[in-house]
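As a starting point, one isolated chain is supplied in structure tokens, in the form predicted on its own.
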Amino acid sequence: MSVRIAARSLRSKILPMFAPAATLHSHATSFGFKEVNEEDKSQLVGNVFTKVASNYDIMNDLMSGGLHRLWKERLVSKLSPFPGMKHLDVAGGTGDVAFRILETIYSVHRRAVDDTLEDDLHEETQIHVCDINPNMLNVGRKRAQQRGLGDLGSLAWIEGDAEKLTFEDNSMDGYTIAFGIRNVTHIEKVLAEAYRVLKKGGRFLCLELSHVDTPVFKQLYDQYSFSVIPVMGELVAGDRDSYQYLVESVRRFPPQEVFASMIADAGFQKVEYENLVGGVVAIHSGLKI
């Protein structure tokens, strides 16, 4: 169930509760459970995704039992894509979210009957996939070619930093980031950039692994995360360390309420979040008004 957040109340009540654990939930100097120099984190995270790029989608299927597909569908349904929109998908290198947005826009129910009008909509619609890792983008480009979308003018692949976007102010109708924001060095800078590039009325949506509150479920989830996922990474991808980082990075990410307050602090309004699978993942959203 979606939970609406009163930003001012959260800032005064929730954030102080987590002040003693600021180090735990700070991305400024954390790399999983390790403390690293701020300037080193980007390179360390880059190394992780360079290693996992070729097996990224296979491992997502295995780790989530295929549920990540449903979570991304839910994310896109909240976006409500429309023909002619200008959209930015950040940390979306493999194209999973971007392809779903395009499929929604050009679905049978929303497709124009007139071929000329349809061609015009293809030209007007712009989905920008931005990722800091070129290897992830290469995977996305190959997948686009396999889907017959390689020459589609409405799909653009851009190597870029979520903390320093190159897009103009007030240029995007929508912004999505799926399983990416916990890997950045400064969450607040990413949120500020998202707010800057969105048009008034534009929607911010973030899908991220989050925190389970139910004690029994949390115990089972922690056991699976720390005992199974790294082993799975070693057996399937030949890389235990990257998946050890993954499960650790989730525990360093702010709880749902705190992250919602950070989104509100960036200027977004009507901030809310929806827990999926008991909080294993959460979708946060906000509007630029």
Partner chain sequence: MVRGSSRVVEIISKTLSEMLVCPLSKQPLRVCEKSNSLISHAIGVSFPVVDGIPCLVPRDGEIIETDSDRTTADSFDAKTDHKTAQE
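Treat the numbers as computed from the prediction; the structure is a model and nothing was measured. Numbering follows the first chain given and starts at 1.
One more form of this protein should be noted, the form predicted in complex with the partner chain, which is absent from this view; the next part is about it.
Using 4.5 Å between non-hydrogen atoms, is F167 touching the partner chain in the model of the complex?
Result yes; F167 sits at the interface with the partner chain in the model of the complex.
My question is simply whether H128 lines the interface with the partner chain in the model of the complex - judged by any non-hydrogen atom within 4.5 Å.
Contact with the partner chain, yes.
Given that the partner is absent here, does E103 sit within 4.5 Å of the partner chain in the model of the complex, heavy atoms only?
Although the partner chain is absent here, E103 would stay clear of it in the model of the complex, with no heavy atoms inside 4.5 Å.
Whether H211 contacts the partner chain in the model of the complex should be assessed with a 4.5 Å heavy atom distance threshold; does it?
Close contact is absent here: in the model of the complex, H211 is far from the partner chain, nothing within 4.5 Å, heavy atoms only.
Select, from the options 177-185, 69-77, 95-103, 190-198, the stretch whose residues sit within 4.5 angstroms of the partner chain in the model of the complex by heavy atom distance.
Only one stretch qualifies here: 190-198.
With the partner left out here, which residues of 154-183 have a non-hydrogen atom within 4.5 Å of the partner chain in the model of the complex?
In sequence order, A156, W157, I158, E159, G160, D161, K164, L165, T166, F167, E168, S171, M172 come within 4.5 Å of the partner.
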